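Next comes just one chain, in structure tokens: the form predicted on its own.
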Amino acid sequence: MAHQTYLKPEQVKDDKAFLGGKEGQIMGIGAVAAVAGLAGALGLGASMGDGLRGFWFAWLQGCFLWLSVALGALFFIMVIYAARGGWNVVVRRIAEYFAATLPVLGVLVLAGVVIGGAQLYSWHPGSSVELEHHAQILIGRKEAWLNPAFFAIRIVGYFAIWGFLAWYFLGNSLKQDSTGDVTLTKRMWTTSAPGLVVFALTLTLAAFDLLMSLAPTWFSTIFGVYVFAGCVSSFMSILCLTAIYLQGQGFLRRSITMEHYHDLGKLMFAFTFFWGYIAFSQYMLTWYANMPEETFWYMFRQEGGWENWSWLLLIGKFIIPFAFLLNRRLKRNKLTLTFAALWIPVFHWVDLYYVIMPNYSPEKITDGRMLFTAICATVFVGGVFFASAAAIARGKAIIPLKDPRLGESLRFDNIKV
């Protein structure tokens, strides 16, 4: 049997570790996608004749999909530092660039909730949605929390915390590229654990604020975990696709191996299963308790055509990727892994549509224009996301050049069973 040869850390620079001008091309493509997506979303949104209410729901949908990826990246960075993992070093820098886009995404989210808040949230004083008397009473009791000023302050606070964490880890990682200082890694080991606690709290509150308060009389204590599971699975998929794309362009061809892809596939599988577990738990507990103030959220999604999206979500986001990614050989084949990595974010988008859009049209499923408005808004935010990540990566390495565990990552090999 032939021996596998691995790169040494000092050889990584020769493996096209810098984008070398590719950033400009990615930024250009991202800018074109953003302009086209925004134009399409605005045009379709205006054609619906609802005062751009549908446009703002589509804006939230697009923002939250790419926010999911950036938050999943931030979690990945911190959890691998906390676990002191070594296999993932070769793909960590890509995650760091994704997480560093959080301030940009924060501007887009804040614009949506400030400018379009009255269109999105029925608790907003400027909302035109007519609420039943009991709903008005319940929302009145939450006024100290659900009011436009405090809501915007909290959104700014969440993104300030996430942005600080993302740039703290990226900044130290880039500094290590030039200094090789091992104490920087030790410092990040120490910071990551409390960072994860803060991340869990802020992600949960942000999920409550941005998504759950679309239905302000509904509540679920595990909704934050539900959103978290979707964030991580979609990020793992986009990370995998990005690595495959970069290798297809000639970058890091020997640094990232099938062993790394195999582990990314395992994480995609793990968080697909975890999402299914949390989704079932939330539904089962709501069904079992049978409390009207909880069940109405699901009832809206089981009639008026929304029941088809419920089945689509069950089959597409859980059953198919779960069965597909069970197979070890499929996780070790770039073609089949690419299929899975494309499939999972698409159905995370379906999941967000299922969560968000019945609040726009609870009686019946939205028409095709709403669907395409949401797609255009997603393309817009995706263009901004990738253009921002490429701008941040300009002139910088796309792999941690002097991480003390880079050699371990380059030599990584999965246990054969």
Partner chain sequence: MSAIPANNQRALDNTVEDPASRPQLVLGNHDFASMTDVVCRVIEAPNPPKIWTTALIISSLVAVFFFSLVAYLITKGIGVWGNNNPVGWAFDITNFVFWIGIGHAGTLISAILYLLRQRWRTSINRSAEAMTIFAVVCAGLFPLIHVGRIWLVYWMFPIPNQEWVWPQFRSPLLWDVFAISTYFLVSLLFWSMGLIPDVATVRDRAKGYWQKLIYGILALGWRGSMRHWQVYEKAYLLLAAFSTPLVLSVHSVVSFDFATAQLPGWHTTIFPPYFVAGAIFGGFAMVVTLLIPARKIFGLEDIITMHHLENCAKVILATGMMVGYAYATEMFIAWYSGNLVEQFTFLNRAMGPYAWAYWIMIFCNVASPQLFWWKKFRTSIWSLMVVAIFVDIGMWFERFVIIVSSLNRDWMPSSWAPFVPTWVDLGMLFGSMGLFMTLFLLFCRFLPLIAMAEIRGVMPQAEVRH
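Positions refer to the first chain, counted from 1. Fair warning: this is a prediction, and the values are worked out from it, not measured in the lab.
Beyond what is shown, the protein has a form predicted in complex with its partner chain; the following relates to that form.
Of the candidates G316, G117, G85, G304, G85 is the one whose heavy atoms come within 4.5 Å of its partner chain in the predicted bound form; the others do not.
Put simply, of I153, A193, A111, A160 only one has a heavy atom within 4.5 Å of its partner chain in the predicted bound form, and it is A193.
Shown here without its partner, the chain carries L239, N333 and T338, none of which come within 4.5 Å of its partner chain in the predicted bound form through any heavy atom. Only one of 265-273, 166-174, 97-105, 250-258 lies within 4.5 Å of its partner chain in the predicted bound form by heavy atoms, and it is 265-273.
Contact annotation: V346 falls outside 4.5 Å of its partner chain in the predicted bound form, judged by heavy atom distances. For Y245, no non-hydrogen atom is located within 4.5 Å of its partner chain in the predicted bound form, even though that partner is not displayed. Remark: Q282 counts among the residues lining its partner chain in the predicted bound form, judged by a heavy atom distance of 4.5 Å or less. For the chain shown alone, V129 is not a contact residue for its partner chain in the predicted bound form, no non-hydrogen atom being within 4.5 angstroms.
Using a 4.5 Å cut-off on any heavy atom, the residues of 216-242 that reach its partner chain in the predicted bound form are, in sequence order, P216, W218, F219, S220, T221, I222, G224, V225.
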